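There is one chain below, alone, in structure tokens, taken in the form predicted alone.
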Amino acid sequence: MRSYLHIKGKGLWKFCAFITLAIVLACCGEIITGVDQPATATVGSVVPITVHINIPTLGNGGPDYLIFGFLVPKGWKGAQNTTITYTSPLGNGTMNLVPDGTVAKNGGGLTWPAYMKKTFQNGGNLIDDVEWVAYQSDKAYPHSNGDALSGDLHIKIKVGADGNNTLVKLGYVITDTGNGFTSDNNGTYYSELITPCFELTGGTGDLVDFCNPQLTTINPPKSLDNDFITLTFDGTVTDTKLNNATETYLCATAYTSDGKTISVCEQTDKTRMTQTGPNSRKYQITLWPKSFFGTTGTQTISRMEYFITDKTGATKVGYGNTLAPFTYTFKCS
């Protein structure tokens, strides 16, 4: 179900780290004190974001490098489309991508992106198609004299490389190379902040809503017609005409590269969806689109429209709990 709150205009969000529930405050480690982030943007634009940080220090240690993680949709290709610089009392510089394969401190052998994913998961996003992109400062800083180091990370990201309109929670996390995502008697050595839903408009692709529960989802979120996909109908999201249905079925139409339409809308074992558990009201079907629709070797399926029906086929549910079809575009990125 793609009902969501439209955010008007392009106002700037200013998040205070001390009142944001998603943040982990640090006593002696890095702290995100706020993020300046636009509320909306258009596909293909370059979005400026500023992350304000503070680093209280105790004792003598380091020097350590600052580690920064940025949570974005995979389709945005964040590593290729993002530049980050920083300003601080100790000097200015750049944040560079952590080299592939670099093992994270206290990460149990994981790389920094994998360590971030394990620790912070999808940052509250409901679709597992986001990624943590890991950066490291070009200079190290000391832990000495009890000095508090303040600074700003200046991000510029070209958004929407996949062309999709998007609702997503962007995420930010910092730590250092000496501690990782750990805590001890002196405090917590990392800080995380997840923003409210960021809205991306002006794209030509499907709306990808990471923020709101959906009546139907397809896994993997991006696939080609020659891949197996699992389609889930979640009847717990809202009341629908199928609330009392004992069985549900997929009614779908494929649109092919040669301009043909192929419909499969029958209430048989081929289209029957299986309930994931007793009285769960969640139904699934796994299919191979090329075989399901019977396309030829030269045909490819560009998109699919579909409904969920009851056993009679007379009662059906579509996009947004309406009679408009759900849509899915086949693509690999």
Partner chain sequence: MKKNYIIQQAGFLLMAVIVVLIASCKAERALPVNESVKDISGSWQVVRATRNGTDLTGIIDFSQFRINFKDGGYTMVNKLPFLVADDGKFSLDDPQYPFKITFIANGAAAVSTPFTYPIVNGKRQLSITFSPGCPNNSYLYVLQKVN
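Only a predicted model underlies this, so the values are computations on that prediction, with no experimental measurement involved. Positions refer to the first chain, counted from 1.
If you look for the form predicted together with the partner chain, you will not find it shown, but the lines that follow are about it.
- Checking G91, P220, P99, P142 against the partner chain in the predicted bound form, a heavy atom within 4.5 Å turns up for just one residue: P220.
- With the partner omitted from this view, the residue of L149, C251, C197, I229 that lies near the partner chain in the predicted bound form is I229 [heavy atom within 4.5 Å].
- Judged by heavy atoms within 4.5 Å of the partner chain in the predicted bound form, the contact stretch among the candidates 36-44, 265-273, 285-293, 63-71 is 285-293.
- Under a 4.5 angstroms non-hydrogen atom cutoff, the partner chain in the predicted bound form lacks L207 among its neighbouring residues.
- In the predicted bound form, the partner chain sits within 4.5 Å of a heavy atom of L224.
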